[in-house]
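Consider the single chain below, provided in structure tokens and representing the form predicted alone.
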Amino acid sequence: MRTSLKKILFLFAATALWAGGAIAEDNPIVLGIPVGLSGANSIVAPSMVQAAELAVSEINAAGGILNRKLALEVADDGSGAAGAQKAYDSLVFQKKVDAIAAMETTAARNAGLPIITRGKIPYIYSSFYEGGSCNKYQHINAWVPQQMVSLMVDYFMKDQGAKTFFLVGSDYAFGRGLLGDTNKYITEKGGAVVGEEYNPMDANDWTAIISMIRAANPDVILTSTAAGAPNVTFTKQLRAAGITSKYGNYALDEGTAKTLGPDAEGIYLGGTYYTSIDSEENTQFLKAMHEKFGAKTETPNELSVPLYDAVHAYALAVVKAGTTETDAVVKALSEVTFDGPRGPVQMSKQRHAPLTMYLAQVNAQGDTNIIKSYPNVDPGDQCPNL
């Protein structure tokens, strides 16, 4: 079931008519959105909330789902485990949401999953991550290392002639997991890792690590930090130190790159979404964002657009299932395809999604230019038992 944005709006409108006309206001389907309104992700959280709000407004404008309004319940997860436990517990057992869609840190996801399991509700995780997270109720529509590492490393080694790499990460599962895969791949391809260092997720002083980078003088610095604040502090301190190595960042989103100004120039990024994607669906999405939020529009990015897609995918799955009942919706989530700003996305490969990947670079104006695209990149084996 592949559905473009135009088709999805028609589908919802038709479903509302089949169900008997006007959308019901008093019995909404509620989608929980735990997000880091505070903590490391607070810089990027506003863009995620806007993306989810836009998706909901589009769905409701077309007649809702099964003749019911879709509503959001947003909760602050604090960008970490303790906050996530409180947020998920509130959403699942107090607010009694029908499902959850979330762009969060790995720590927050891991803290929330046991609550998802106890609550037995569908869950879509929309953040790129270290891979291998498997749960009966979970689907993931963002990239994993198998879709990212090779394109970034190969570009530096084959196109830029790089031989030595220094890896920098936030000290948690995502940072260590992704850089562990990167280290292995660099070594297999004949490169050398001349340093691999980590800072706590909430750290804001990178002086010691930057001194190590200066001493090692690598061809390339690759970072895997928590999205948001760590990207800002590390990048600003790296530029202030005058380090001239090429810089690739796995976790810097386009919106945060814009806020960095001249410090972001030259950074290489990898991901599944950039505002410069030339497609009718992306043009329509960007227009809709500006029409809804005007001058307050946050820059859509690699963190917010997958959440937008996730909201639409959940709606499609409920329509396909004909119910909000968990088992039926979870089954349908593997079968539906939403064709949105990133192109067609179906979470059909062991609850993960083959994705079009892009390599991009930030220019002097703070805009992100796509250098290469890689269609339909397979996520590899993630959850074979599911």
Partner chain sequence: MIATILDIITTAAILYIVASGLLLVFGVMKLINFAHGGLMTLGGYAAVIATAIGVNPWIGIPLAAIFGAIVGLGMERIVVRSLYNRPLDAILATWGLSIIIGQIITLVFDRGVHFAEPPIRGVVSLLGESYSTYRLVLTVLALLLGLGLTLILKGTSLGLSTRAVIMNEDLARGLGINSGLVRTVTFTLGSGLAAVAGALITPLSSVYPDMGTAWLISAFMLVLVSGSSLYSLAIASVVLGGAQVIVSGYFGAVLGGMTIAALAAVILRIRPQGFSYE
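Positions refer to the first chain, counted from 1. All values derive from a computational prediction rather than experimental measurement.
From this point on, the text means the form predicted in complex with the partner chain, which you will not see here.
Not one of Lys158, Lys184 and Gly195 places a heavy atom within 4.5 Å of the partner chain in the model of the complex. Heavy atoms within 4.5 Å of the partner chain in the model of the complex are found in one stretch of 140-148, 269-277, 158-166, 239-247, which is 239-247. With a 4.5 Å cutoff on heavy atoms, Ala295 does not count as touching the partner chain in the model of the complex; it lies far away.
With a 4.5 Å cutoff on heavy atoms, Lys189 does not count as touching the partner chain in the model of the complex; it lies far away.
Interface membership of Glu281, defined by any non-hydrogen atom within 4.5 Å of the partner chain in the model of the complex, is ruled out.
When the partner chain is considered in the model of the complex, Glu265 lies well away from it, no heavy atom lying within 4.5 Å. Note on contacts: among Cys134, Met212, Leu286, Ala71, the single residue with a heavy atom within 4.5 Å of the partner chain in the model of the complex is Met212.
Among the residues Met357, Ile43, Val319, Val30, the one placing a heavy atom within 4.5 Å of the partner chain in the model of the complex is Ile43.
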